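As structure tokens, one chain now follows by itself in the form predicted on its own.
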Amino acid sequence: MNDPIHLFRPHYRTDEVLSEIRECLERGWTGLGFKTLEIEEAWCRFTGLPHAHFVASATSGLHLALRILGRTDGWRPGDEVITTALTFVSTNHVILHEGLVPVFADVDEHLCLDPSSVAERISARTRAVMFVGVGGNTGRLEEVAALCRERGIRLVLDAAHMAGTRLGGRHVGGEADAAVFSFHAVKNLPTADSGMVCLADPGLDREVRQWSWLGIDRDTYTRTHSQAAYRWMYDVPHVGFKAHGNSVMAAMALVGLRYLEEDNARRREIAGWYDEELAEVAGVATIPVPADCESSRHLYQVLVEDRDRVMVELNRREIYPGVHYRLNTEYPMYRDCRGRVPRAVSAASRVISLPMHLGLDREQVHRVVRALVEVTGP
């Protein structure tokens, strides 16, 4: 009897994680503080990005990014953000939270935004583009970034799947005004939940730290370690959010970051096995990765016909893939959003994410592909 093969299975270096968390407990500081500063500094060293702020989730990071950019540029309710409908709903929920209007552009063969479709959607009210690196893929990110610079439009990179993704040898994020990474439990750098918002402008980096701590101008850790006589005093210039990260999650992230390169290399090896086994399989289309993209390989996605039946049949064989994603226009809050996206519609009805995690071996990949051939064949 074969063991079930699941889509994700988080991997933690338990002893190292517990050692890092123990330090938080012994110092009596589990909230925002010394470990969150450590992971921010470590992330900047790893990525080469100039600024990074550790937050409670990638969703909160995306929300903060739009809030800060919108306040800086004077965006108004009803202004537009060009985005993709083929994403997790948090990408587009944060647009609605800010009173902005999602405008859907179509995707390309990489399942990322198609630059030509983005260009067609730009209007007098366009203020930003939200680019999603699905599965760790960069798609045509550089073309979209160039388009945004040319038109004076902000670029927000939803890099939830892109921890460790490099483009042209450099870690992604520097192309954007804001890049947001996820350290959710099933991501490549897993905690329980947390993320990182990286703003290119140093002034905006300072401001996002206030907004993530209820708008307070000095966080508790800074005040506690201040030599000022009135260190309990602070001002509250904004009605901010409770969105900062904590030291327990930062401790987990610090351990994961030590192994991220090694773990992503393993993911690319697994993806290579899938590539080899699926190369001659009719009826299963793989998603290409650009030659200059070293993908994190958070997902390995394929397109099949009669997807829902295929999923049921795979489940019967105790193989449990995922679907990334249902088209957001299937949900009530997005049904009336502007933008015709036939390629995204087609992909959303056919896409499957095959099992992809560090526990997979070659035989399990072979078993997944063999089952996929059985249920998609004539």
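Only a predicted model underlies this, so the values are computations on that prediction, with no experimental measurement involved. Note that residue numbering begins at 1 and tracks the sequence as displayed.
What follows is about the form predicted in complex with a small molecule, which we do not show.
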Legend entry - the small molecule contact at Arg121 in the predicted bound form, heavy atom, 4.5 Å: no
Legend entry - 4.5 Å heavy atom contact, Thr47 and the small molecule in the predicted bound form: no
Inset, instruction - May I ask you to check whether Thr138 falls inside a 4.5 Å heavy atom distance of the small molecule in the predicted bound form? - result: no
Inset, instruction - Spell out, yes or no, whether the shortest heavy atom distance between His184 and the small molecule in the predicted bound form is within 4.5 Å. - result: yes
Inset, instruction - Pick the stretch from 192 to 200, 99 to 107, 170 to 178, 253 to 261 whose residues have a heavy atom within 4.5 Å of the small molecule in the predicted bound form. - result: 192 to 200
Inset, instruction - Sort through Ser212, Ser295, Thr91, Ser247 and report the residue having a heavy atom within 4.5 Å of the small molecule in the predicted bound form. - result: Thr91
Inset, instruction - Quick one: from Ala128, Val132, Leu111, Ala85, grab the residue that has a heavy atom within 4.5 Å of the small molecule in the predicted bound form. - result: Val132
